[in-house]
Structure formats: structure tokens, C-alpha cells
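Given as C-alpha cells, the chain that follows is alone and in the form predicted alone.
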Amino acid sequence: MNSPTVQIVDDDSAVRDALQWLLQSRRVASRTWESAEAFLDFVSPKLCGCLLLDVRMPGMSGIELFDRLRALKCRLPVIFLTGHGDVPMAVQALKDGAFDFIEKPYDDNALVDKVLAAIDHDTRRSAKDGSLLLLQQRLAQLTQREQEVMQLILAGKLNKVIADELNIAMRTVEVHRSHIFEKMQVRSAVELSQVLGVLGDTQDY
């Protein structure tokens, strides 16, 4: 994974330089862009950190860029930099999934604190996504029969009951149970249930 970086998109070079200097003083990596279009050409799913985005810019506005990023399923946390008249737009952006907004003129410490909170949010989300992917890969290793046995294990049924329901030998159930625990890297039915619980509604296993 790339190192967390703050992407600064603002058409005012003085603002870009000031923000980059401020973040550098707190040892936060950043990169600047003079337009929404330039940043959009650079966007990648691998980006991590957060985006500091000016609302009003020539050409594509910050709000338009935000909408494009949402359409691209980009999950980089977005903090809007707004003038007083832009606050209603920023509030709507929050409802649409933006991380936060900061009104100009901004307090340096407050801005950096929000940036750090956004980076932390993105780091935790990325870690969760990685865990879900790993879990889905483990589930994909299960055979159809192992998945059937797993559902009955999760339902709290004993090996003998599972054997009767699936019309197989109890020893076969024990072998399937062992393989399920090994592939899912758990030691008990309780642990299996806990591990699968993190999937929530994201996977129909």
C-alpha cells in the first residue's frame, strides 16, 4: 500500500504552498494539484490518506470533482475548504459522504487535526477492507459440501444431527468440520461465528 498522503487541490498557488508547508511542519506528506481535472487524471484506487479540496475553482469545481470521485467509487476521505457562501454546499457534501469541511480563514491546528483524523479513518477502513478480502478468499476455498456443513455448524447443530440432515456418515462430518476450521483458520464453532460476523451483509456465504 502507498504511504498516506494528503492530496491538495486548489487553483490558488499561494494556498497550495501554505497548506503544503503547514502539513510538512507536522510531518504529514502531501502533494498539490492546481485543478480538479489534473487530480482526476491521477486518481487511483491505491491512493490513501485524504483529499483537501477547494469548493470553488475555474473549470471543474470541487463539488463536481467530489461527485466524479463518488461515481468512480473512490473512497479517499474528502475535506472541503470553503468560503462563507459555500457552507450550504459543503453541508450537502457532508450528507453525500464528504468527511468534513473547513471554513476560510481556517485555524492551522484545527485543519491539521481534521486531516489527521481523516487519514486515521482511511487507514482503519483500508485495514478492514483487507481483512474482509482475506476472509472472502478463505471462504472461496471451501467446497460446496463444506459450505453446507458450515451453515449447519453455525446453526449450532451437533455432528450427529448434521450427518442425519445431509445423509452422510458422522465421521465424514468430522472430517469436513476439521477442513472448515483449517481453511478458515479458526479453532471452534464460536470463533468461526465471530470471524464470519465481521462480514455482516457484505457477503452471502
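Numbers for residues come from their place in the sequence shown, where the first is 1. Note that the structure is a prediction, hence the values are computed from the model and not measured. Under this definition, the rigid core comprises the largest set of C-alpha atoms superposing within 1.5 Å between the forms.
The protein also exists as the form predicted together with the DNA; that form is not presented, and the subsequent description refers to it.
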Under a 4.5 Å heavy atom criterion, is R138 part of the interface with the DNA in the predicted bound form? no
So, S44 and the DNA: in the predicted bound form, are they within 4.5 Å at any heavy atom pair? no
Just checking whether S30 would be counted as a contact of the DNA in the predicted bound form - the rule being heavy atoms within 4.5 angstroms. no
Whether T172 contacts the DNA in the predicted bound form should be assessed with a 4.5 Å heavy atom distance threshold; does it? yes
Looking at 33-41, 66-74, 53-61, 164-172, which one sits within 4.5 Å of the DNA in the predicted bound form if you count heavy atoms only? 164-172
Quick one: once the rigid core is lined up, does S44 have its C-alpha move by 2 Å or more between the shown form and the other one? no
Given a core-based superposition, decide whether the C-alpha of A18 shifts by 2 Å or more between the shown form and the other one. no
